[in-house]
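A lone chain, given as structure tokens: the form predicted alone.
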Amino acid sequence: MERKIDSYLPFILKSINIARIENNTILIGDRRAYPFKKEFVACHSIEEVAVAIETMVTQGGGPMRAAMVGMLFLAGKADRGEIKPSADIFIKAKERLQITRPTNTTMARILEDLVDIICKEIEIGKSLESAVQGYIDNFQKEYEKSYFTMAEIGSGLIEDGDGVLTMCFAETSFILTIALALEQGKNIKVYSPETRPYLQGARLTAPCLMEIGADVTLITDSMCAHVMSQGKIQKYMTAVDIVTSDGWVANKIGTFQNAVTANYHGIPYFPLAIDPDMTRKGRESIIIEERDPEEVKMIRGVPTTRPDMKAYYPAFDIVPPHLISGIITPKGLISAYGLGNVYKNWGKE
């Protein structure tokens, strides 16, 4: 019997709740409001989608889905004659969406693919909306297959009685891993750091894990080393925003310090990477998004310090390969040092 991925996932990770088109409007699930409310932000243009991504309406893997739906929306407008079906319009839309999250190279590559498809369809005068929808449908199908493969690997690494530490909102790859471990009857505990200043761990990860029936404990970002020293953690698992061909991993700020601490305590770190980027090599190839420092000076709009205080906000950090026990990918559990060899035919299969 075919497994339906949505049956394992919490509300905000079901694809229809990440982003969809309804009544000629793009609806993006507002993760800023969760878990207190289940709301959507309405967008009517690519610019509004871009601003929604930049203002953290959606994050993690959400911007990728929102960007694809945004291009679908634009393709529909072109088919209906509401805008001119010009390659330049779609290229500008792609460029605007790509700069919203510079660390998210998977989204950037997908947008490149979509624009290539759209430009070819414009030349031959076919339906742009149908072409984009076909790409999205096929992409979703392949990604769901990859998520199950990764979750099976991840759940196999988790032993009965384990404590598992994560960081930020590891989304489908991690949530599905925990769901399969629970389905296998394993008694596990998950520890979720709060992830300041946007509190994705507190607002997204922990409530989503509760929704699927996991035993989850919320901790502050500064508690990880202490919790590890108490013997409560046996595995460290996160998603990643980018993995280079030689095994450098970038994820939400705080991931690196936890990897260092895990290594000190002999705890293996297994990042989950659905789409390693073979076009990048070394830490210098990773662009770290630096967000407005003002965001560090408040939590959910409430100031936490003086208004004239200096602040700094790199949104991601980078983990070197020697701190990684193995990278969980759709192609298997791979050494960070062997990733390039396994993926050497990336894009040619």
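Predicted, not measured: the structure shown is a model, and the values here were computed from it. Numbering starts at 1 and follows the sequence shown.
Keep in mind that the form predicted in complex with a further copy of the same chain is missing from the display, and what follows is about it.
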The single option of Lys126, Arg80, His226, Lys84 touching a further copy of the same chain in the predicted complex, heavy atom within 4.5 Å: His226
Partner-contacting position among Glu194, Asp275, Glu171, Glu121 - heavy atom within 4.5 Å of a further copy of the same chain in the predicted complex: Glu194
Ile253 within 4.5 Å of a further copy of the same chain in the predicted complex, heavy atoms: yes
4.5 Å heavy atom contact, Lys186 to a further copy of the same chain in the predicted complex: no
Residue contact check: Glu144 to a further copy of the same chain in the predicted complex, 4.5 Å heavy atom: no
4.5 Å heavy atom contact, Thr261 to a further copy of the same chain in the predicted complex: yes
a further copy of the same chain in the predicted complex: contacted by all of Ile233, Ile324 and Lys331, heavy atom 4.5 Å: no
Per-stretch contact check against a further copy of the same chain in the predicted complex, the hit in 130-138, 72-80, 155-163, 203-211 (non-hydrogen atom, 4.5 angstroms): 203-211
Partner contacts for 287-324, taking a further copy of the same chain in the predicted complex and a 4.5 Å heavy atom cut-off: Ile288, Val296, Lys297, Ile299, Arg300, Val302, Pro303, Thr304, Thr305, Arg306, Asp308, Met309, Lys310, Ala311, Tyr312, Tyr313, Pro314, Phe316, Asp317, Pro320, His322, Leu323
